[in-house]
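Next up: just one chain, as structure tokens, the form predicted on its own.
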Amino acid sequence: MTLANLRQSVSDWIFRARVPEVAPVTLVQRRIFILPTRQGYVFAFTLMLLLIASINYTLSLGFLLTFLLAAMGGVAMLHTWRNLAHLKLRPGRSDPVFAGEMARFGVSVETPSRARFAVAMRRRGDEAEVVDVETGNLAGVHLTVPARRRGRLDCGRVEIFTRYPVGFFHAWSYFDFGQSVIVYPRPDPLAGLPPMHSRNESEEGIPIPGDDEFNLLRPYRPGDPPRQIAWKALARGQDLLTKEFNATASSELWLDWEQTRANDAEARLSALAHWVMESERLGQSYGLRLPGTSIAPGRGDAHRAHCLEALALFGDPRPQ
């Protein structure tokens, strides 16, 4: 174990909190810690030199200056501590994202009395987000975290700190609301359109994307099959276009794990995520079949989120 890990383990043990904490969290006196910064230590060392020189040479003005600066340092420490005291924290909105995007954990800050300045928050190892809080207003802070893989992304413990007004002291506290976001699999555009034979053959057909009848020309999108590109139109000097066809099939579409062509599970999930997005874009009712899971056909934002969440949590991946 490295020294940094040991220091972090000791910090986690000392500042451990009951997780998840119940909102709102108020930063009362026992939750706020304060220590001098590097500039604060330099300031204290300077005061000590001034005091020694004043004693050695019996300088009245030296004593006056030393004690005046020491009093200013004490006032600065009090103001730094008060800049965090009695702030109320609540969890904010945290929306699902796709793998490869940036997840945003929202936190609301409220001050019951006076304005607060340069209040910062950060997760361990991340850049801090700084905000000023006006009296009686809510200030929103969004902590951005890269969502590298599908599953559940936990926010973890967050440090709130300030060095206002002069930077001689670092006052901080911790909170953990147990926030998490669902990270969907990254859609794979190379999967193309959902296969036609995955539709329910027992129902009466309607026009849907397929290979039977030409429908329209639309702008090319990465991942479109080369056989559907309008090469003649391109030769005539037009932009790169893709031919879209219709087929006649039932009103319900089943997106089936077995219909994906990839052997890797993550690639299958990415293909299914793309099919979910395409089916929703086309306004098609669709269902989802995964090993051990089946979601009945439907459509709309709630149904799409349900299907994507099932893909994100397939196999119960470890939290990030």
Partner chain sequence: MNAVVVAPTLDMRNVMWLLAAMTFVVAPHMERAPLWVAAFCACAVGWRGWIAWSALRFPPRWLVIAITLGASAAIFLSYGRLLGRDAGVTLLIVMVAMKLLEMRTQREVVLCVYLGFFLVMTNFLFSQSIPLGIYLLACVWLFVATLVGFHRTARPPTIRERLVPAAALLAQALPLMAVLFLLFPRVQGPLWALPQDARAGLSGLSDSMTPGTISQLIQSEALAFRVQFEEKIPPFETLYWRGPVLWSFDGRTWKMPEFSPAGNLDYPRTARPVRYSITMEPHGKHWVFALDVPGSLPPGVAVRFDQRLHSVRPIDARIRYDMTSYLDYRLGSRLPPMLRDFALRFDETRNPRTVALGRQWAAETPDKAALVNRAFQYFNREFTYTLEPPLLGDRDPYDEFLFTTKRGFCEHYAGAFALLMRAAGVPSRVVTGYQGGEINPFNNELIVRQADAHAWTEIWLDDRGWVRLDPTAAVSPLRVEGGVNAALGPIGAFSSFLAADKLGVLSSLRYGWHMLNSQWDQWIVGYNTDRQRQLFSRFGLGSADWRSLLLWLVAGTLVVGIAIGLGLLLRDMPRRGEASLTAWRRYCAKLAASGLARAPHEGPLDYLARVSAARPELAPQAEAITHSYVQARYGGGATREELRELRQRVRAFRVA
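Quantities reported herein were computed from a predicted structural model and do not represent experimental measurements. Residue numbers count along the first chain shown, from 1.
From this point on, the text means the form predicted together with the partner chain, which you will not see here.
Between the partner chain and the residues 217, 102, 234, 78, the one pair within 4.5 Å by heavy atoms in the predicted complex involves 78. 69 is the sole member of 32, 290, 69, 267 with a non-hydrogen atom within 4.5 Å of the partner chain in the predicted complex.
Residue contact with the partner chain in the predicted complex: residue 225 places no heavy atom within 4.5 Å of it. Looking at residue 154, you'd find every heavy atom of it more than 4.5 angstroms from the partner chain in the predicted complex. Put simply, residue 240 is far from the partner chain in the predicted complex: not one heavy atom of it is within 4.5 Å.
Interface residue remark: residue 257 is not counted as part of the site for the partner chain in the predicted complex, having no heavy atom within 4.5 Å.
In plain terms, the part of the chain that comes close to the partner chain in the predicted complex, with a heavy atom within 4.5 Å, is 43-51 out of 277-285, 43-51, 291-299, 259-267. Scanning 169-184 for heavy atoms within 4.5 Å of the partner chain in the predicted complex gives no residues at all.
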